[in-house]
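Okay, here we've got a single chain as C-alpha cells, the form predicted alone, with questions on binding and movement later.
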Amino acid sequence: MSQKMTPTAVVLGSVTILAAVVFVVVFWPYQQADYTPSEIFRYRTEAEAAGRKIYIANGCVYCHSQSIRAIDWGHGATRIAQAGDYVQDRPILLGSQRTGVDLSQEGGEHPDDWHIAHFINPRYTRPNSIMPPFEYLGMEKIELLTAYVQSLGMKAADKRMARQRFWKEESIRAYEAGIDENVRWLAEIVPQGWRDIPNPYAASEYSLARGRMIYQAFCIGCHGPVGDGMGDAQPWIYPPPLNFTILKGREISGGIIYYQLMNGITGTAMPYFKKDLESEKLWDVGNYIAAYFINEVDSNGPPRGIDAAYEP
C-alpha cells in the first residue's frame, strides 16, 4: 500500500512531529522541574529587579553567563549552579557565551564604587577589557545595574556585601586619618608572616619588563602611569587608589605587596588577582612597583632559601 504525500498528510505529519518535540523538550522537562528554592535563594529588592531589566535591555547576557557547570571549575567559581537558584527568573539568564566573566556569584566580589567605575568605562578598572562603556545610561541606571550585579549569588552575595561594607568603613577611617595611619593599616591587615618575606625574584631586566607589561594590563587604570593613584578610575573610587609614592622610606616588603596583589584589599576598589595571574607574574609586578614607584627593592634578599630549580 503506497502512501501519497498529499498536502493534508504533510501538514498533519509536521504538526505531529512538532507536538512530539514540544512535549519532549518543553512540556515534560517543565513538569519534572524542581521549583524548590536553593539554600542561597532570596527574592530581589525593587532596585535589584529594576537593575535586572537594564541588564536585559542592554544585552549583557550575550557576553556574560550566570551558570557554573561541573566542567567550569577553571573559571574559578566555588559553587555549581542549582535549579533552585533561578526560581524567580523569567527569563532565566543562564547565557551561553563566556566572552566576559561568569556573573552567577559576582555579588560582593567588589565594592559598589568599583562596579560604578567599571560600568562607566570598563577600561578604567580592566585596561584590556573589550566590554563597551555604559556611561550613556546615566548614574541612576548605573547604580541600579550595580545593585543587580551585587545581588548575584543572593544570600551568599549578601554575606560578601556585608564584609565589603564593614571593611569599606575601616579603609575610609584609615585613609582619612592621614598618610601615616593609612600606611600602617595597609601593612597591618597583611598577616605577619607575609610582612617579613622579601620578593624572591631578583629585580632583573626581565622581571621589571614583565612587571611593567602586567602593570599596564591590570593596574594602570586605577593607579595611573606613574603610580600616584590618579588613574582614570580615580574620580569614581573612595578611598582613592593607593599612591605608591607615599610608601617611600616606609620599608614595605615584597611580601606585603604580593599578598595584597593576590588577595586584594576588601572594602576598597583594589581587587584580587590570584585568579588572573600566576605567582611569578605577581612577584614581577611587585618588583616593578617597588623599583619605579617606591624606589626600594628588597628582591632576592634575606631571609631566603636555596634558589629555585630554574633561575634565569
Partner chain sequence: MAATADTIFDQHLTARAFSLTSAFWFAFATSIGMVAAGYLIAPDFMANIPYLQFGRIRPIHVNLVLFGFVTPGLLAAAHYYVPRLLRTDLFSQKLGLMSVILWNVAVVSAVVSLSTGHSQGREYAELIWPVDMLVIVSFALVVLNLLMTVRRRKEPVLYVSIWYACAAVILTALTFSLGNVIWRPDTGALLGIPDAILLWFYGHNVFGLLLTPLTLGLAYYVIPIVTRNPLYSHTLSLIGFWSLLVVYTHIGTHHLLQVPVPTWLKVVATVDSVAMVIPVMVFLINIWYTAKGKLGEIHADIAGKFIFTGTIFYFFVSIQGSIMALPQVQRITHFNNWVIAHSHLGVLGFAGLSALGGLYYILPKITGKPLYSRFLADLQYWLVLIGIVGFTVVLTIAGLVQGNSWFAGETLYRTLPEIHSYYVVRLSIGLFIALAAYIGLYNVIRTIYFNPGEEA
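Since the model is a prediction, treat every value here as computed from it, not as a measurement. Residue numbers count along the first chain shown, from 1.
FYI, the form predicted in complex with its partner chain isn't displayed, but the following is about it.
*Asks:* Which one, S67, N263, N243, S38, lies within 4.5 Å of its partner chain in the predicted complex by heavy atoms?
*Replies:* For this set of options, the contacting one is S67.
*Asks:* Quick check on this chain: which one of P225, P235, P191, P132 has a heavy atom within 4.5 Å of its partner chain in the predicted complex?
*Replies:* By the 4.5 Å heavy-atom cutoff, the listed residue in contact is P132.
*Asks:* Indicate whether D89 is a 4.5 Å heavy atom neighbour of its partner chain in the predicted complex.
*Replies:* Heavy-atom contact with its partner chain at 4.5 Å: present for D89.
*Asks:* Heavy atoms within 4.5 Å of its partner chain in the predicted complex: does A162 have any?
*Replies:* Outside the cut-off, so no.
*Asks:* Please tell me whether any heavy atom belonging to Y206 falls inside 4.5 Å of a heavy atom of its partner chain, as the geometry stands in the predicted complex.
*Replies:* Although its partner chain is absent here, Y206 would stay clear of it in the predicted complex, with no heavy atoms inside 4.5 Å.
*Asks:* Verify the contact flag for R42: yes if a non-hydrogen atom of it lies within 4.5 Å of a non-hydrogen atom of its partner chain in the predicted complex, no if not.
*Replies:* R42: no contact with its partner chain in the predicted complex.
*Asks:* Can you pick the stretch from 151 to 159, 164 to 172, 95 to 103, 182 to 190 whose heavy atoms fall within 4.5 Å of its partner chain in the predicted complex?
*Replies:* Of the options given, it is 95 to 103.
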